[in-house]
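The data below hold one chain only, encoded as structure tokens and taken in the form predicted alone.
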């Protein structure tokens, strides 16, 4: 599948994650800022990658600012951002 435009989802609130996704890159790139990076950074990146793989997206930049979101919140924000980026509106 292809991302048609940049998109975002989420908030900067506690226990949430703000996701920005951009098309037009050679490979998938994840830039992560997190208050729990030392402990959960690799797990957060893994959940982001799973979401990209689920939608078969390649060549996107994902910028994520995490405030302690759980896995299901990360998946929900990624799904929302991806669907917004795939829409033609």
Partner chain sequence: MMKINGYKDNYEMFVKSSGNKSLPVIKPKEYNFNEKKLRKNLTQLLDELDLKDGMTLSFHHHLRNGDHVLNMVMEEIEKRKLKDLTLYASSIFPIHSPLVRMIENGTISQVYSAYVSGPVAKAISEGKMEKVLVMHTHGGRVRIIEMGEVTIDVAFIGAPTCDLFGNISGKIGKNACGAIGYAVTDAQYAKKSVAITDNIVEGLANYDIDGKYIDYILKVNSIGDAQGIVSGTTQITKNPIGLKIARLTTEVIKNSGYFVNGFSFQTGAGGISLAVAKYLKDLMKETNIKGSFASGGITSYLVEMLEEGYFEKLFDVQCFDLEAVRSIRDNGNHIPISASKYANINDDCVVNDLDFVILGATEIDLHFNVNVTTSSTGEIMGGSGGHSDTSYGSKVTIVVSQLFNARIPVIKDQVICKTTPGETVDVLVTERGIAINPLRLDLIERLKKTNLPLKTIRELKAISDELVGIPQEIPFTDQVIAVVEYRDGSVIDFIYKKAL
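Numbering follows the first chain given and starts at 1. Quantities reported herein were computed from a predicted structural model and do not represent experimental measurements.
As for the form predicted together with its partner chain, it is not shown, yet the points below apply to it.
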Proximity of residue 61 to its partner chain in the predicted bound form, heavy atoms at 4.5 Å: no
Its partner chain contact in the predicted bound form: residue 55, any heavy atom under 4.5 Å: no
4.5 Å heavy atom contact, residue 36 and its partner chain in the predicted bound form: yes
Residue 43, heavy atom within 4.5 angstroms of its partner chain in the predicted bound form: yes
In the predicted bound form, residues of 59 to 88 near its partner chain [heavy atom within 4.5 Å]: 67, 68, 69, 70, 71, 72, 74
